[in-house]
Ligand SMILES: Nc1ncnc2c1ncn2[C@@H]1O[C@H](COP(=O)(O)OP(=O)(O)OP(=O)(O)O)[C@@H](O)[C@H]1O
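The form predicted alone is given below as one chain in C-alpha cells.
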Amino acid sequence: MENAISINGITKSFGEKKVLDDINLDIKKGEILGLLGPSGAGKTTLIKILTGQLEADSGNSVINGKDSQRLTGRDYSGFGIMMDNCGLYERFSCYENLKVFARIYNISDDKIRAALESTGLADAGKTPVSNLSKGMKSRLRLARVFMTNPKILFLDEPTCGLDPATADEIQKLILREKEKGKTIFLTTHTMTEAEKLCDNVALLNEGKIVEYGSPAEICRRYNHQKRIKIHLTDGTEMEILHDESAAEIISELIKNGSAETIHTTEPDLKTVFMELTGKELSQ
C-alpha cells in the first residue's frame, strides 16, 4: 500500500535541546497513526515540520508525494490541521469563522453548512465562539478541517481537556473520516484513545521513537508475565500461568460453573510506556 506520509531521519533542536532525534515513520494511505508521548515529547514539533511550518535540522519528509519543506499554496489544500492553539475568532459566529477560511480556499457556502452539519453544529451556526463550550470549539476546529475535504488530517491532541462523553463524540467523528479513506496523523497522550482509534502507534520519548506497532501487538510484545485472570462466581479472583496447565484448570472451572469471566493479563500501552521510559504517558 502506498504511503501518504514518509518521515526519514527527521532531527530538530531548539538551542541545546534536541526535540526530535532521527525520526523514521511511514504512514499508509487510509491509516490512523497515533504518536504517543507526554507533553513536551516533540509531538507538535513533528506536525509543524510535516506541514511546512518548521524546518528540520536534518532528514526529510514527504506528504502527498511532496517534500514537506517545499510545499506551495496549492499543496496545503491536500491536508487539514487541527491544533489546540489554532485560534478561533471569539466574536465571530461559527458560520463566520468558517467563512473566513472558505474564502481563502475558494469554497462555496454550501460546504460551510455541510461542515457544520457533519460536526453537529448546524444549530450553532449563528452562535458566537465566545459562547461555545470547549467541546463545541473542538468540533468547530474539526469542521474547519473537514470543510476542505483533505486527504490527510493532522489532529494534535483533539480531545485534550474534554470530558469523556464529549471526547467520545470527537472520536466518532475521527473514525467516520477514516471510513471515507482519509489518512489521519493523531497525537495524543491518552492511552485509551490510541487503542480505540489507531491502526499503529509510535511511542515518543525525549525525541526518540522507542516502540512502534499496532496497540495490541505492542502490548503482547511486553506481556512478560503471561498470566490468565479468572473472576469466579463467588466474587473472588484467581490468576494462573498462561501455559499448558491452564487448559485443564479452566476446563474444570467451567464444568463446575465457578468461572464467570476469563481474560489474559496483557499490559496496556500506558504500562508499556512506563516500562520503556519510567514516565507516565499522561504527564
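These figures come from a predicted structure and were not determined experimentally. Counting begins at 1, following the sequence as shown.
This next part talks about the form predicted in complex with the ligand, which is not shown.
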Heavy atom distance at most 4.5 Å to the ligand in the model of the complex, all of 19, 45 and 157: yes
If you check 30, 52, 38, 215 against the ligand in the model of the complex, which one has a heavy atom within 4.5 Å? 38
Have a look at 178, 137, 151, 189 for me and say which one sits with a heavy atom within 4.5 Å of the ligand in the model of the complex. 189
